[in-house]
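Shown below, as structure tokens, is a lone chain in the form predicted alone; questions about how it binds or moves come after it.
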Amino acid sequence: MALQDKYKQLVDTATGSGVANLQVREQDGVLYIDGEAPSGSVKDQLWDIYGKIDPNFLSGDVVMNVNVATAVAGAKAKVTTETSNLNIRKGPGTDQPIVGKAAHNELVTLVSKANDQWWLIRTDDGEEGYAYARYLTPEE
């Protein structure tokens, strides 16, 4: 039996549960499943399914490298500038007007990602706008 058939339920659940960057490949008799789960409960669900297919985890024919995404909507991120405040802008880009500031080491809420460089954030004071992602570190 091919490994992809044996672990079809596991792969289908990962796909249906919104695992991002899902990559499934078979190599040298091992099925590798990589991706980023949207929550800890999705990761737990995947491990539960794996445990039902291989109850004692003895076959050694799966390597599941699925991490829980930290930079998702609602997650907290820390402002990691050198010492200064982080500019919050009206839109994603340095050409956009500054609408607020987030203090060095302040925790902000990630609203969404415009792209890998600009994230829409909200401060505890309710200021909302775009910040350069390089200066934001997702909290685990």
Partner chain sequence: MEKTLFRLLKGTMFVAMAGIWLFSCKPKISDQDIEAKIQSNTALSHLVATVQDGVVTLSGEAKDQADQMDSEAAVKSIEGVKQVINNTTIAPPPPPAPVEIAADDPLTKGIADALKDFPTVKATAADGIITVTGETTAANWRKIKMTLDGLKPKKVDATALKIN
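Positions refer to the first chain, counted from 1. It should be emphasised that the depicted structure is a prediction, and the values quoted were computed from it without experimental measurement.
Beyond the structure shown, there is the form predicted in complex with the partner chain, which is absent from this document and is the topic of what follows.
- When the partner chain is considered in the predicted bound form, only one residue from V63, I53, V68, A73 comes within 4.5 Å through any heavy atom, namely V63.
- Of the heavy atoms in Q117, some are within 4.5 Å of the partner chain in the predicted bound form.
- Interface membership of L107, defined by any non-hydrogen atom within 4.5 Å of the partner chain in the predicted bound form, is ruled out.
- Using a 4.5 angstroms limit between non-hydrogen atoms, R89 touches the partner chain in the predicted bound form.
- In the predicted bound form, no heavy atom of A103 sits within 4.5 Å of the partner chain.
- In the predicted bound form, R25, Q27, D28, V30, Y32, K43, D44, W47, D48, Y50 are the residues of 12-51 with at least one heavy atom within 4.5 Å of the partner chain, listed from first to last.
- The pair A71 and G40 is tighter in the predicted bound form: their Cα-Cα distance falls by no less than 3 Å compared with this form.
- Figure legend: C-alpha atoms of G40 and A77, shown here, are separated by at least 3 angstroms less in the predicted bound form.
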